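To begin, one chain is listed below as structure tokens, in the form predicted alone.
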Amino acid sequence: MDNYNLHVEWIRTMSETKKIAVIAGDGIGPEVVAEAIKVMKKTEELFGYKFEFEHGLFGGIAIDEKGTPLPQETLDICQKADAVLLGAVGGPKWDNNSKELRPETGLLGIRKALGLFSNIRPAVVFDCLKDASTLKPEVLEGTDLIVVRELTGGIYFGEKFRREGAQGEEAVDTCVYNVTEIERIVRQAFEVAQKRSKRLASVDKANVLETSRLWRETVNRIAPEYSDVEVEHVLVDNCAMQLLRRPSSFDVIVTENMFGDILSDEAAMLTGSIGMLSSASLGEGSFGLYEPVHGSAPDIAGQGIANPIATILSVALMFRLTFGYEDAATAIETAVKNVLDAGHRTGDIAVDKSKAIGTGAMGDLIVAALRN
């Protein structure tokens, strides 16, 4: 492409309005999403991007107001959008609801409806936050990894039922994976690894589970297509142990749904707080749903003390993975780092809690750092 066409393409990209479906959700969701939107609006000013926000109800609040965790109008908003920004859902208020009226059911439903089969969760340890982790600083040195989790298969989506057995009532959860589901997530993980340090750890339980044996066979069959990537197979229990013993030895981890759910939360604690971790749920193409790893934290909701950094970093992921706005993505990540390096902390990552700042103050500082 010549310079003229490159310039035309740049103008087109800058002027194109991106539609963002905003689902604030429950608990602290609305508070942290507000700060993320504040950052996005600043990037409009600084980089010339244009965003259109449309809000929808989802999770517990949707159950209360619409009688379902995933209203059709919210799904329609998401399907018409270029990307989705999600806060958090759930809380003890809905824990005793039937399966159909639980916020988590809405999460499974939206992933399935939008074809989101992959969840990408980076875990980066900032040097200035080593003291916030429960692990020794020397163990955390150099930790920068990504967990690529399969999102629409496995035991979470398998048949579930109860029955009478010889010893009384039994509960059954089935775990099913097919080759197509495994292939697409593994290929995506290989492609992520190719853009990083070219190291991929495939995590399974192949010594016990038939689904894991199929998983490992599929990885081995695909691996020669990505000959530049070094692959190792790690049993899930060993991976959990090594994440605490030598986290910096991992670069990209790919695994099935339940293992990925557990391991990515474990990886989150390496950073000092789950409030620091962003995530992206992706399907085919560029569309993605972006959300913090943390939950709705109803115990602190409405107090203005939640950490918005995970949600703000999720916006950086959105810019990078869905829109290709690498300049703004890097600027956001740099702004977060600079604010943390300057010593500013919300309560979850503050060593001295008396000096912790609030949700809005953290958002304002990151916006100011972006400007500078």
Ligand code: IPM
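Numbering starts at 1 and runs along the sequence shown. Computed from a predicted model, the values in this text were never measured in an experiment.
What comes next is about the form predicted in complex with the named molecule, which is not displayed.
>> With the partner left out here, check for me: in the model of the complex, does some heavy atom of residue 266 sit within 4.5 Å of the named molecule?
In response: No - in the model of the complex, heavy atoms of residue 266 and the named molecule never come within 4.5 Å of each other.
> Is residue 104 a contact residue for the named molecule in the model of the complex, using a 4.5 Å heavy atom cut-off?
Replying inline: The answer is yes: residue 104 has a heavy atom within 4.5 Å of the named molecule.
> Would residue 82 count as a contact of the named molecule in the model of the complex, using a 4.5 angstroms cut-off between non-hydrogen atoms?
Replying inline: Residue-level check for residue 82: no, no contact with the named molecule.
>> Considering non-hydrogen atoms and a 4.5 Å limit, does the named molecule approach residue 111 in the model of the complex?
In response: Contact with the named molecule, yes.
> Within 4.5 Å of the named molecule in the model of the complex, heavy atoms considered, which of 126, 287, 156, 94?
Replying inline: Residue within 4.5 Å of the partner: 156.
> Picking from 148-156, 165-173, 217-225, 180-188, which part of the chain touches the named molecule in the model of the complex when contact means heavy atoms within 4.5 Å?
Replying inline: One stretch meets the cut-off, namely 148-156.
> Out of 242-281, which residues reach within 4.5 Å of the named molecule in the model of the complex, heavy atoms considered?
Replying inline: Residue within 4.5 Å: 261 only.
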